[in-house]
Every structure is written in structure tokens, then in C-alpha cells.
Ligand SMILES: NC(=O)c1ccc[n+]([C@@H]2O[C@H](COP(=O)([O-])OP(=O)(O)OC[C@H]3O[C@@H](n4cnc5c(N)ncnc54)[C@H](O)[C@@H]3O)[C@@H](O)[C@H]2O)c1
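Heads up, the chain below is alone and in the form predicted alone; it's given as C-alpha cells.
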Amino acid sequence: MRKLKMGIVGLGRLGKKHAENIAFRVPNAELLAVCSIKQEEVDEAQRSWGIKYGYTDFEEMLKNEELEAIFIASSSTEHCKHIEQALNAGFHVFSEKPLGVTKEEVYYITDVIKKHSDKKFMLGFMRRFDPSYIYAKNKIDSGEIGKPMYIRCYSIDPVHAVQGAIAFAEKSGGLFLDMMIHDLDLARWFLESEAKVVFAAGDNYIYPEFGKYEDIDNGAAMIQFENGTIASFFAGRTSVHGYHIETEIIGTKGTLRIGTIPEKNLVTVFNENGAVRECHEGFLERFEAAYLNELQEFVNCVLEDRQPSVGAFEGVKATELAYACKESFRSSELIKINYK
């Protein structure tokens, strides 16, 4: 079997999961090299997984002529630079979202990606590869709920992870760009339309530490799309019951709900707390299948010489919308979307 030889940069919590998927769960991929600014992460990956090459310098990894594709799971602030370097070095590229942490970066790197049309580029909007979301999309496309009129999205991180979010806040781009962007992308995908106007609001209700980075711990947005559909979004960092991702699509003939109760599995625990359905504790657990599916799709696209379904265009549109939310939040005004 032909295997795509890959290297990955970034071995944090998410990067490590991606690296494991490349190394052990995608049969037509081979993890040949790992890169991290932390030597101990490189050493651990090489020792535990038997990885041939290890680097603490990304540019040095790009000199490795055995590699064919690069997976970018570095900090959000490094994505734009790493995408450009990898493409210029002749590699196919999969990058975690976002494309960049400013609109200027996003527009710039999109032009770079276009110049390398001979290479495959894919962006990590993994929810499009989640089995439940795919099932719901097929239901919508088949007309089962009629014409969609309204979509409601919740993305709430567990409060036990909030200190990590605070530590990452300086480089995350903020709640709308870092968290809500997944739901903004899903809304575009489900509704098949671009946003027209947006109003957003939020505050630091519990953790004022986010204010240092002009960020918030909970926020909401209301959007009307060009085809008349409407959407509401809520993103937060203070869920006490677990990782809560919920989506509802209301149509003219019916309604779909995904993740109404964020159940870990089908087990009910009966104890002194009553009948308990345990919840997912984080995004790696909830979207385990989606992360694997999107990686498999990228590998297949490279080996089969076809373009991925999620690329720079999706990243640009979702980022423009996230920044409109951010602008509305800061100005307390209704923002009309002006796309580039």
C-alpha cells in the first residue's frame, strides 16, 4: 500500500492526538517526522512511537526530502508562517484552524495557497467530518426538514479547563475566532449562504483574567444570512457539566438537534446522585472520530490527486464572520458584513 510520508509541527494536546492518528490509525499514512519547540516532546514522541526524525526547528524539518506532506498543529499565531513555509518548500499541507489570527494574515495566506495550486491544502474544520453532523447535513440536503429557517449553536468548554484557556488567550485570537468559528462554519455549511448582518455581545462573568487580552469568558451572536435564514450562537468557557456542543436546525417541515445532551456514551450510572448520564469532558473525546476522518480525507486527497472539500475559502469566510462578531461585540453595534 502506498503511504503518504508526513511530518507534523506542534505536539501539544491537539497536535499529539493528530500525530497518533497519523502514526497508528490511518493505514495509508506514515508519520516520519515530528517537530516541537520543546525538545522533551520530540524525544518522547520518538521514543514512544519510534519516529525516525525529530526536530525543534521547523525549517530544518522542511529540508527533509523524504517527506511529502506537513501537518500544522502549532500555536494559532504560527499557522500563517508555517503554511507559507511548507508550501514554498514543496509540501502538501493540512493546517489546524485558524488560517491566521488577523484578517490581514488570512487574506495574505489565501493568496499564497492559490499560488501553490499544484499542492493540496486542507483546513481543520473537523465538525464537518463528525458522523452526526454529516448525517444531519444529508437530512437537510434531502429535504427531510424542508427549507432551513433557523440554526442555534452552543459551544461551551468545561470550566475545569478554563485555566488552560486563560493561559492560551494571548495567542488564541479570542472567543469568537478560537471557539465560535467552528459553529460559524457549520452554519454556512448547513444553510448554504453567507452572513449579511451580525450583532454580538458578551462579558467576563466569572473570569476577569480574559479581559487582559481583550477576550471574554462567554459570548453570543445573532446573524441573518443572505438567503433570509437566521442563526444564534453561544460560546463559553464555564460549563459545569462537561463539554457541551449542541446544534439545532429548524426547517419548514421539521427540526434536527445534534448533541442536545452531550452524553459520553449510552451508559446510565445509578448512584447517590440519582440516574446520571455522564458527559464528554473535552473536544478530543467528543470529536475523536471527526479528527480521524478529516485526516483520512486529506491523505486520500493527496494520494488520489483531488482537492479537499474544506480549504482556504472556508477559512476566509468563517474568519471574516468571526471578526464581524468581534467588531460588533467591541462596538455594541449591528455590523453589516463586507466581504473582501
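Note that residue numbering begins at 1 and tracks the sequence as displayed. Keep in mind the model is a prediction, meaning the values are calculated, not measured.
Below, we refer to the form predicted in complex with the ligand, which is not included among the displayed structures.
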* **Contact label in the model of the complex: Ser75 to the ligand, heavy atom within 4.5 Å** => yes
* To do: Decide whether Arg25 counts as a contact residue for the ligand in the model of the complex under a heavy atom distance cut-off of 4.5 Å.
  => no
* Met126: heavy atom within 4.5 Å of the ligand in the model of the complex? -> yes
* **Arg237, heavy atom within 4.5 angstroms of the ligand in the model of the complex** => no
* Asked: Are Glu105, Ala187 and Glu194 jointly within 4.5 Å of the ligand in the model of the complex, each by at least one heavy atom?
  -> no
* Asked: Using a 4.5 Å heavy atom cut-off, which stretch among 90-98, 252-260, 197-205, 136-144 contacts the ligand in the model of the complex?
  -> 90-98
* Counting only non-hydrogen atoms and a 4.5 Å cut-off, give the residues of 172-186 close to the ligand in the model of the complex. => Asp178, His182
